[in-house]
Ligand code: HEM
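To begin, one chain is listed below as structure tokens, in the form predicted alone.
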Amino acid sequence: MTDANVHVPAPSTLPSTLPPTEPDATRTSHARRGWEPSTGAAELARRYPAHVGATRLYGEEFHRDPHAVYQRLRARHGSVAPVLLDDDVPAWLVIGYRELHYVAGQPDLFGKDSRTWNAWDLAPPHWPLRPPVAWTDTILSTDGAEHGRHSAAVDDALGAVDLFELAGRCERIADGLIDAFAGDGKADLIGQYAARIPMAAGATLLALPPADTAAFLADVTAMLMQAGEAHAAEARLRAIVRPYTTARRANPGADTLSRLAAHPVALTDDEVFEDLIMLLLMSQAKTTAWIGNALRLILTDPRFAVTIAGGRRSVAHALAEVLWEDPPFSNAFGRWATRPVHLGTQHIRRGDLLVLSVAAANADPQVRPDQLAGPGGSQAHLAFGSGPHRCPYASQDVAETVARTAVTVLLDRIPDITPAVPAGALAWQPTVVVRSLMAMPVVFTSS
């Protein structure tokens, strides 16, 4: 397969996880009485009095400037705040740096099993945040020994990736994408570039034959973009991946799918598939946002415009600064309290949902008293998470290789690239999970 010729449809909406599952009791409740907003409001007032009138983490004001919202929440509530997610579903937002570390590092107190959530019945059937909240038998949702089992396979599979070879593949992919719009003198750096590179790079790690690669990428894209097609796309993906999993378990090669299938922890075919797709979808969302946010910073911030022609250093600085100031996954879903506990000044009940606000915790004045000074060279950001469910170190290296190569190749190929609209006119994805631009129009000298 020629990396530069990989065709990847561009996701246009928030990437999500696998199609959701839902506790049987909740499905029965919806089937029996349906879901009505008025019912949700009444139940909110009765069961979650602290959340009545709480700040909404959705809507134009929040998505335009979430950092201002986090500052107001911190001033009013301290390190943990009651908030309302889409459709006024209640949650606790952890905005303190130390508190986030504590929650992430205590899986016995704050688990990943969303089946224990006490507010499933308040989430409408087509709730937009259902995918990242839904429980799946993957590295994302399991705890304890089972999580350790999935993690061992994923860590070893990604840890064996040759980063120099990956960088070369990403250069060829980036060049192919740039070739497609270089003669136009204009482009959307999200839809035509940033959103396409991570998925194409991930597909090369699986070493699927060219005949199956196009169908594989099309169905992964369908899972990202088309809620109504997600289940059918998943079925087709299983049909593609399963025979390769079986074959490579018997005769493993030097690819990520082989390493997952043949790992000593003995993942089943279904577990290999689910972990694999989960990794692809998560890395697609995070890395797309990382590339896009770094390009936005470089192209709109005078500090980078002055030095970008001088070499690679500014790219590294931009990528690092984004992890502090505009982390790709700004709010991590989720943790559920396994028993009543006090956190900050709040009383958290068993089954309450906690959302870990990476973006807010990174700006906590307790650890960054001088916000104007910037983070400098500190690597203590929480962009890759914390605790047992942090992003695997090998995955961080893979994402950094993809993002750095994507940004560097673009700036080398089109040095006079300029934003086509003011920075303030750029629109962000309307979601609390990912801090990612919807589009980034640019102009340049055509070639």
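From a predicted model like this one, the values you see are computed outputs, not experimental measurements. One-based numbering along the sequence shown.
Quick note: we don't show the form predicted together with ligand HEM, though the next part is all about it.
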Q: Spot the stretch among 242-250, 72-80, 273-281, 211-219 with residues whose non-hydrogen atoms come within 4.5 Å of ligand HEM in the predicted bound form.
A: 273-281
Q) Tell me, which of H147, R130, R172, H317 has a heavy atom within 4.5 angstroms of ligand HEM in the predicted bound form? A) H147
Q. Pick from I178, L158, L84, A230: which residue has any heavy atom within 4.5 angstroms of ligand HEM in the predicted bound form?
A. L158
Q: Give a yes or no for F384: in the predicted bound form, does one of its heavy atoms lie within 4.5 Å of a heavy atom belonging to ligand HEM?
A: yes
Q. Any of the heavy atoms of H389 lying within 4.5 Å of ligand HEM in the predicted bound form?
A. yes
**Q.** Residue contact check: T287 to ligand HEM in the predicted bound form, 4.5 Å heavy atom
**A.** yes
Q.
Quick check on W117: any heavy atom within 4.5 Å of ligand HEM in the predicted bound form?
A. no
Q) What residues of 340-361, in sequence order, lie within 4.5 Å of ligand HEM in the predicted bound form by heavy atom? A) L356, V358
